[in-house]
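The form predicted on its own is given below as one chain in structure tokens.
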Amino acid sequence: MVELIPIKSIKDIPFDENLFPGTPACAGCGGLLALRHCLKVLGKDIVIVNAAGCFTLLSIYPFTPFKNSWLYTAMACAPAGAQGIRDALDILIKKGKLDPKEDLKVVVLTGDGAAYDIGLASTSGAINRNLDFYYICYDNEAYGNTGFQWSGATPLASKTGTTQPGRLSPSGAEFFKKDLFEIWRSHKPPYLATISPSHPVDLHNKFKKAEQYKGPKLFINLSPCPPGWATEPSHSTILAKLAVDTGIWALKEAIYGDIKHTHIQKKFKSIEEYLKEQGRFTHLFKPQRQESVINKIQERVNKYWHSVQEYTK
């Protein structure tokens, strides 16, 4: 295996752009901010297989912001589409009809609705078959392009189009979000990581490391969503960083199931600082402060990092 020298500064990130501006995506989209950096590392010799979601709007014939090829699929079957493309490329190379130098990386791009819910079965199958592909999930914690509805990624107490705070459920969403990292890790893929648009150096190094492995390479990106989270578009990177600083979003990777945290705060900020910045959690603070719910969220974060500290002793 080639020894990698990780970059240490944002100044070391490539200047080349493989995602051009002027897309129909919402201003301040955290998923788009991260995708720009992902494509800087992946390059233009890729095929993106996009499951229906917010990013379906990025490439609408005859307009596209990409230098690479793009295939659109239904929400449930992007990994199956990736399998077909990967198999076709391998067959062409084997028959001598495609120069190995012209081979393409296959990249699945989905929102959390497909990743956590509707497309989970086909993803599990692709991982089990050891499909050689990249899987990028832009996790805005709801079904973003259909009215910001509850998904398996929606966190406890979030207000969404289908979890409105009211008399019967004053806290909004009643469940914690699924732990998709652990669901994927149970398959022991070659490489799995969480990323954030607020930490582009960490993101870059993880994609470079993933290049060494043949098989499934999976990335979950926390993606602040200004219209869904009811935040200022210019604050998306600040919010993404605050998620890391409070410990609610852990930056980590797993190589064949073995976990390593790539960023650990010396001192975590209160989870309240993160919640207060978002309109989707306003009901936790007014007209009446829901102390028990806020504490429940904080306790879960504390428990997670306590387990990390115990594991690393």
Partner chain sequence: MKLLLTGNEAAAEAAIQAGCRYYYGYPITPQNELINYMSVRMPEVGGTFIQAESEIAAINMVYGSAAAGARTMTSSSSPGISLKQEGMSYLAGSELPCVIVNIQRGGPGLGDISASQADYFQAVKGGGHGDYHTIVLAPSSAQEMANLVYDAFDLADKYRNPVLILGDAQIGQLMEPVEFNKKPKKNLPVKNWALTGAEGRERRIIKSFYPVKGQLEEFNAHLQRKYKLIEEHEVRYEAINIHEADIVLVAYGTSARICKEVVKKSLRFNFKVGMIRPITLWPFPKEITRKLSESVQCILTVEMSAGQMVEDVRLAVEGRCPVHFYGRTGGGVPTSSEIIRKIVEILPDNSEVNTLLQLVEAK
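Keep in mind it's a predicted model, so treat the numbers as computed, not measured. Numbering follows the first chain given and starts at 1.
One more form of this protein exists, namely the form predicted together with its partner chain; it is left out here, but the text below deals with it.
Checklist entry - If we take heavy atoms and a 4.5 Å cut-off, which stretch out of 97 to 105, 129 to 137, 146 to 154, 186 to 194 is in contact with its partner chain in the predicted bound form? => result Comparing against its partner chain in the predicted bound form, the contact stretch is 146 to 154.
Next on the checklist: Residue-level contact is defined here as any heavy atom of the residue lying within 4.5 Å of its partner chain in the predicted bound form; does Gln164 satisfy this criterion?
Outcome noted: Residue-level check for Gln164: yes, a contact with its partner chain.
Next on the checklist: Taking any heavy atom pair closer than or equal to 4.5 Å as contact, tell me whether Asp202 reaches its partner chain in the predicted bound form.
Outcome noted: So Asp202 does not count as contacting its partner chain.
Checklist entry - With the partner left out of view, is Gln278 within 4.5 angstroms of its partner chain in the predicted bound form by any non-hydrogen atom? => result No, Gln278 sits far enough from its partner chain in the predicted bound form that none of its heavy atoms falls within 4.5 Å.
Next on the checklist: When the contact criterion is heavy atoms within 4.5 Å, does Gly228 count as touching its partner chain in the predicted bound form?
Outcome noted: Contact check for Gly228: no, nothing within 4.5 Å of its partner chain in the predicted bound form.
Checklist entry - Of these, Ala52, Ile248, Ile259, Val41, which has a heavy atom no more than 4.5 Å from its partner chain in the predicted bound form? => result When its partner chain is considered in the predicted bound form, the option within 4.5 Å is Ala52.
Checklist entry - Of the options Ile85, Ile118, Leu71, Ala243, which one has a non-hydrogen atom that comes within 4.5 Å of its partner chain in the predicted bound form? => result Flagged contact: Ile118.
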